[in-house]
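Next up: the same protein chain in two forms, each one alone, written as structure tokens (structure 1, then structure 2).
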Structure 1
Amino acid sequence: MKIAIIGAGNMGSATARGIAQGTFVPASNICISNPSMGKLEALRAEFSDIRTTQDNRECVKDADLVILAVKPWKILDVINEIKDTLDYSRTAVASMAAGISAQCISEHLEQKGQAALPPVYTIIPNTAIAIRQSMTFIAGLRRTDSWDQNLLRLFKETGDAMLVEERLMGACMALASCGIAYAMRYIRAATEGGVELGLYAKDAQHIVMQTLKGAVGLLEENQTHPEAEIDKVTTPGGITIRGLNAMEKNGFTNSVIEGLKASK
């Protein structure tokens, strides 16, 4: 499979890096375009086999999959620029632009002389794609089983990925895209609590981060519900249940749920 990525910013470059480091598609099958050279040169310095160009049309020529990784307000201009170069009978189009639906992309792909429109996907990673730890969501229009599986494999190379219905994208973004900020805020809050308890901030943050890794590891290893793991650390009359109840009294669970609902 040949992949063209339009835009070599945070998302486009991280996607190219993730795929190039994976096993599904060789780096030589990736072409990435960007108007300025700096980001392209940085990518080539890491992966000499990745092809780079400043010409979007050149980039998509021969591509089986075109990934649009430009800012949302540039997406439609880019589509207008490249659509005559695409062969819809073999090429799928995927957009990373937040807030632009597959339906909108599809309408702008309409062109003379091409009877059928291609599969159109929306792909939403989070910022952890930069370290290949993204939680990426994939939705689409005119999806095919084969493109679903290809995209899942591709974006699992950049962390984890799941197929969702487009109507659930907002909820998924609240949990995973905004969720990065919410997780950071918990880490900051716990670190500040640790400082108040007498620890240096650097040590407190290290302890909180390792504790979170441990909590995630327990859930993954044991395949349990969080409450089952909580039960293991809450001795009757002990300090953990007192801490949990004090947090709940101050609205912990409700704050998280209300925050997620507000960001959908």
Structure 2
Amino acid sequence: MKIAIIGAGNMGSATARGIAQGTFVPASNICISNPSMGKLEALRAEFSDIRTTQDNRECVKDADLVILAVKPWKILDVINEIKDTLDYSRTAVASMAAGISAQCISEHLEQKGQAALPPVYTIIPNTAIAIRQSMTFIAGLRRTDSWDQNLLRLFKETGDAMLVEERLMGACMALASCGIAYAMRYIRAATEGGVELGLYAKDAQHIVMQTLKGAVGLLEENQTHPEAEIDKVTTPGGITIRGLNAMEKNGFTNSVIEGLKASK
């Protein structure tokens, strides 16, 4: 499979890095385009086999999958620029632009001389795709089993991936894309709390990060609900239940839920 990525910003570059580290698509089959050379040169310094160009039309030529990783307000201009270069009989188009539906993209792909429109997907990873730890969501219009499986295989190599209904993309983004920032904010807050308790900041952060890894590991290994694991460490009259109750008194759970709702 040959992949063209339009846009070498944070998400485009991270996606190229993540895919290039996998086994499904070799780095030599990835082409990425960007208006300026700086970010392209940075990518080439890490992955010399990735092809780079400042010409979007050149990038998508002969691509099996075109990934649009540009800002939402630029995506329609990019589509109009490249669509007459695409072969709709063999190429799928995927967008990473938040808030732009597959239907909207499909309508802008319409042009004379093409008998049928291609499969169109919306793909939402998070920035951890660069280190192959993303949670990526895939929805689409005119999906095929073949493309569904190709995309799942491709993005499972960059962490995990799941097919969802497009109407759920907002909720998925709040949990996983915005969720990266929320997890970082918890780490920061817990680290600051550790400093107040007398630890050096670097030691507190290390402890918090390892503790979160352990929490995730327990849930994965035991396939349990979080409350089941919480019950194991909350003895009657103990310090853990006092801490949890103090957090709830200050709005912990409600703050998380309201933040997620605001992100949708």
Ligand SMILES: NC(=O)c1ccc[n+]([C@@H]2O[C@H](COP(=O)([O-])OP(=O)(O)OC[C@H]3O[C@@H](n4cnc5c(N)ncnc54)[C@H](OP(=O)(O)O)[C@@H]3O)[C@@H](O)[C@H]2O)c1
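Just so we're on the same page, residue numbers count up from 1 along structure 1's sequence. Note that this is a predicted model, so its numbers are computed, not measured. Between two forms, the rigid core is the largest collection of C-alphas that superpose within 1.5 Å.
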Pick one: which is the form predicted in complex with this ligand? 1
One rigid part rotates against the other between structures 1 and 2; tell me which of L43, V70, I79, L151 lies at the hinge. L151
Can you give me the hinge-style rotation of the smaller rigid part versus the larger one between structures 1 and 2, in degrees? 10
C-alpha positional change at K249 between structures 1 and 2 - rigid core reference, Å: 4.5
By how many angstrom does T234 shift at its CA between structures 1 and 2 when the core is held fixed? 2.5
